[in-house]
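First comes one chain, alone, set out as structure tokens in the form predicted on its own.
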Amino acid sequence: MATSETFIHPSFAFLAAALLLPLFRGRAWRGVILLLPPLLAVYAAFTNPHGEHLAVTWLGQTLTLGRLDALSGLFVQVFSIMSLAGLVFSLHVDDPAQHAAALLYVAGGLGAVLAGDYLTLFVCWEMMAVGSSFLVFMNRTRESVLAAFRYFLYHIFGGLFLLAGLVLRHKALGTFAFTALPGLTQGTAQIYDWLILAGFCVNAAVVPLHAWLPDAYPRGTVTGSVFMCAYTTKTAVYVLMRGFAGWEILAAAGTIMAVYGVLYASMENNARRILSYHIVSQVGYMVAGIGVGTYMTMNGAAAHAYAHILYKGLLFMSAGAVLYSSGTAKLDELGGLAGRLPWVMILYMVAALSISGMPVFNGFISKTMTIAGAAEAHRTLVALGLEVAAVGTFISVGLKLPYFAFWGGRPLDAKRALKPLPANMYVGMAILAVLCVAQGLRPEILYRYLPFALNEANHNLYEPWAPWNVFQALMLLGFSGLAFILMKNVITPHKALNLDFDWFYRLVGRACAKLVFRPCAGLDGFWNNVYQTAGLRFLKFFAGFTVFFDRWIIDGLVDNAARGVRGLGRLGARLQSGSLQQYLAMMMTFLALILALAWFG
């Protein structure tokens, strides 16, 4: 095991930058503080030795802050690269609080994938929830504030599931170590395993626990949504790979996610909402691969997570650039922008073709591995479901969104006022675009870091550029293009808000209103009437009685006693004259009174 002295934990740099950033007012200094942590993280991702590092004893528990192996190293690498591109993309933003939230969010994501125990994982899990909630809130609109509140509630409940599971697991096993127990399967799982799985599935946006994602991500800040598309769901993919590989329920859930996300993306009008639904769909590929659990599908899930972070970050950057420049991301309000935002259109198409699995781009070398692995494992329904989702992906992201945003059958949109894009936004997009193409052309750039070596012994040897794989991908994309031409008028964007499982949540809310809130409100109204009629009159009567008692009983006794004492005092003062004759007269009078009383008594 390597010594901790040679290990650099990247989260510490992001946390330090988040704390120091508000102290520096100059934009140049802020730029330095923003870029140092991701540069250090990228360096650490390629130089840190494997092993367990930074073991801390706390309250009798050993916490491992830095567990680095092939699996966690892959995610640390892509998280670090994405943090660099994302922070370059956001350098123009003059909002230290927003930058601090992004730094906290990235620190939580990196800390989660490096955590060797459930307690450290839980702390980093909640750190991500707090940072990402602020990235939605800081868009500072009524819709974003409400979405941030709903988003935070979702992740609070997910964190409670995780917390309950890890506490029960510790009670049963006596350890917080984050490892998959030997022989643990879906059939032998205990209640704490299912609770932990539920907490992970909330962050993975597994249907029907996914509604927070298309609700919050389109309402986040332009730069905040770029970070959010990369970390929360992919951290969940990592922990599912670490703890629940081979669970049948994940194979089914992932296939449903892949198809479900595509269907709703095809109906959406807002560009960022389309991309949000495609996060659900693409994470479905990863979850399905984890559920199948073979070396090839696990490698496919890991590779697709890596590729997805790059091209999805580029997609959100491009959509955010359109929103920043034009003021809207709604497709029915866009069109004809290809000539005025040509580089945004080109960079967007790099990402769109990547997510669609077009040869030359990185989605081709990752998505096809998962599908081929499912087919080789004789999981025909899973493979078919993922192929159907691939068709819908190209139709909605590769064709529909760019067609209506940049062309749409409209001439050059010369009348719309466009805000110039800062150069750093183009640089951030270019970093990810170059990586998307480089990995597509040279798959070994990515494959060398996969958790399971590609060889015959592992039964996961995969050649994406084999002629049949290329022909199959081109044939599928050609069919998708034909389908778009035939369905173009059907999937024309419209302004309506499409509800999916939000409808059920709202139904539950209305049911609660009828069964709980309204009866309580009725009881409150009844009690208010009782109070106004009987209670208020009784209080008035009681108040009048207390006034009478105070005035005539309390005040009467006290005041009269005080008057009597004062009168006696005055009389005593008058009698103290110092005259001997007066004192003798008073004495004789007093004796006469006593003799009279004795006589008549």
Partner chain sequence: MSEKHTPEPAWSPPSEADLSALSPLGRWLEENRAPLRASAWKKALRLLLAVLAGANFVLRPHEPHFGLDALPLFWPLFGLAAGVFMVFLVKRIIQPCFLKRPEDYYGDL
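Positions refer to the first chain, counted from 1. Everything numeric in this text was worked out from a predicted model, so none of it was measured.
Same protein, other form: the form predicted together with its partner chain, not shown, and the subject of what follows.
Though the partner is left out of this view, Trp468 does reach within 4.5 Å of its partner chain in the model of the complex, counting heavy atoms only. Using a 4.5 angstroms limit between non-hydrogen atoms, Phe152 is distant from its partner chain in the model of the complex. None of the heavy atoms of Pro443 is located within 4.5 Å of its partner chain in the model of the complex. Its partner chain in the model of the complex comes within 4.5 Å of no heavy atom belonging to His170. Heavy atoms within 4.5 Å of its partner chain in the model of the complex are found in exactly one of 298 to 306, 94 to 102, 122 to 130, 342 to 350, that being 342 to 350. Three-residue candidate spot Leu68, Leu181 and Gln190; no residue lies within 4.5 angstroms of its partner chain in the model of the complex by any non-hydrogen atom. The contact with its partner chain in the model of the complex, taken as any heavy atom within 4.5 Å, belongs to Ala383 out of Ile81, Ala245, Ala383, Ala177. This chain is drawn without its partner chain; in the model of the complex, the residue among Ala253, Leu209, Ala430, Ile491 with a heavy atom within 4.5 Å of it is Ile491.
Along 471 to 498, these residues reach a heavy atom to within 4.5 Å of its partner chain in the model of the complex: Phe471, Gln472, Leu474, Met475, Leu476, Gly478, Phe479, Ser480, Leu482, Ala483, Ile485, Leu486, Met487, Val490, Ile491, Thr492, Pro493, His494, Lys495, Ala496, Leu497, Asn498.
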